[in-house]
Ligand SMILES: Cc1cc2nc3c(=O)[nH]c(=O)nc-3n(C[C@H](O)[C@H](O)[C@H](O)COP(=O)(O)OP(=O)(O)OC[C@H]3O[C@@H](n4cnc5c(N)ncnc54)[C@H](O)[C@@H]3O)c2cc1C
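Let's start with one chain on its own, the form predicted alone, as structure tokens.
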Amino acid sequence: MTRHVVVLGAGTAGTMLVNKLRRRLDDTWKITVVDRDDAHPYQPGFLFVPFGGPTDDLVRSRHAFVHDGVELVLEAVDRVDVAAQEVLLLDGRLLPYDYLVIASGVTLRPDQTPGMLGPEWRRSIFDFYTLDGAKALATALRGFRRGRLVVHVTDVPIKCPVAPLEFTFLADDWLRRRGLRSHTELVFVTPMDGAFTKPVASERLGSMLSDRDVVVEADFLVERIEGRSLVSYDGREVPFDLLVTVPLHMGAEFVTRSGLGDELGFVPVDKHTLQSTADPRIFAVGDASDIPTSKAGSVAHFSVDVLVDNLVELAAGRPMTHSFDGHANCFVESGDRKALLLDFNYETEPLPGTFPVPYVGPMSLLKESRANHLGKLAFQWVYWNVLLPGRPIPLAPAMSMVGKQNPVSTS
């Protein structure tokens, strides 16, 4: 009797998951992955496009990365019928499942902020979380000579939460190299009370913003955009000449239609097993879930490894024994061809030390270095050739404390 795993989303998490599952499950299991189109973007590369970075290898076909033995269906999802254990596609097809994994990522919703999609959109208001937005912003920056450049986060959570900071650091560097920094007021606007969610990293990154003469407007929850001003719910205004915004992030609309999402459309799950709190046959992985850690590629990678082990156990009729600890590591471009590296999990703050080899590196944690910058650039090759195909990477899913200094733990 054939059993069926259906994965909704062929992005980073979904593609890794089906490729690893195909190697681990026998032929009595059918594996299907669904996505609305055949374009797989390398999203970390969008960060560099506004500053003249290449665009020629940032999007590839999903078919190129889904293994033989995995069915790739290109169609949008209408909804999940939990009671019937079926996925209804927009073209009317039904996909029955024994286990369902939601890996549908996030959707950018600039329409949810009044005034964001007004007449200033792509004239003085830009994003870089889409390739079209990053290209348009590159054109705008080439014509920028002076004024108030504001980098803005609408609300959290967002995917790659360090990316707005990275953009700010790179903008500072780009402006300095062109002799424009003294003519530019650079402002970072965030709904959080600091630069980042983790206090240790927030203090470090906040001091870096201060060192670069970046004005920080914290606890700013935008209500609307009027002309060329951000207006917060408490009445504060932040004027801009050029606004680089990160729009509101929400989960896929089918998640909400299916009754499986929270108020933003993310799937509530057990943060250690990734199992839906609504139904034990449903899981969510990657950016689609509500787990309390960064929506980042590293989290997708480490959590997929745990989920694969758990699904293999369930397929064999055994209880799940593997637990995800919230492990994340993030490169933070800081300008001058340097970067930091953060490594943390649910309980442990980012700490100084070395990565990936304890005491050897070559990358350092919580410290700017050229090696970290080169590591971020090299990751694009790793992504296309190792990570997406599901090939083994010698990194355990759980965070290691070996080689780290001055541990600080929070609950």
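Since this is a predicted model, take the numbers as computed values, not measurements. The first residue of the shown sequence is 1; numbering continues from there.
Separately, the form predicted together with this ligand exists; it is not shown, and the next lines address it.
- Taken together, 9, 77 and 295 are fully in contact with this ligand in the predicted bound form: each brings a heavy atom within 4.5 Å.
- Listed residues 171, 125, 285, 267 were compared with this ligand in the predicted bound form; 285 is the one with a heavy atom within 4.5 Å.
- Of the residues given (159, 204, 198, 327), 159 alone sits with a heavy atom within 4.5 Å of this ligand in the predicted bound form.
- The shortest heavy atom separation between residue 353 and this ligand in the predicted bound form exceeds 4.5 Å.
- Residue 36 belongs to the set of residues with a heavy atom inside 4.5 Å of this ligand in the predicted bound form.
- Taking the partner from the other structure, this ligand in the predicted bound form has a heavy atom within 4.5 Å of a heavy atom of residue 254.
- Taking the partner from elsewhere, residue 373 is found to have every heavy atom lying beyond 4.5 Å of this ligand in the predicted bound form.
- Contact annotation: this ligand lies within 4.5 Å of heavy atoms from the stretch 69-77 in the predicted bound form, the single such stretch among 93-101, 185-193, 69-77, 271-279.
- If you take 13-34 and check each residue for a heavy atom within 4.5 Å of this ligand in the predicted bound form, you get 13, 14, 34, in sequence order.
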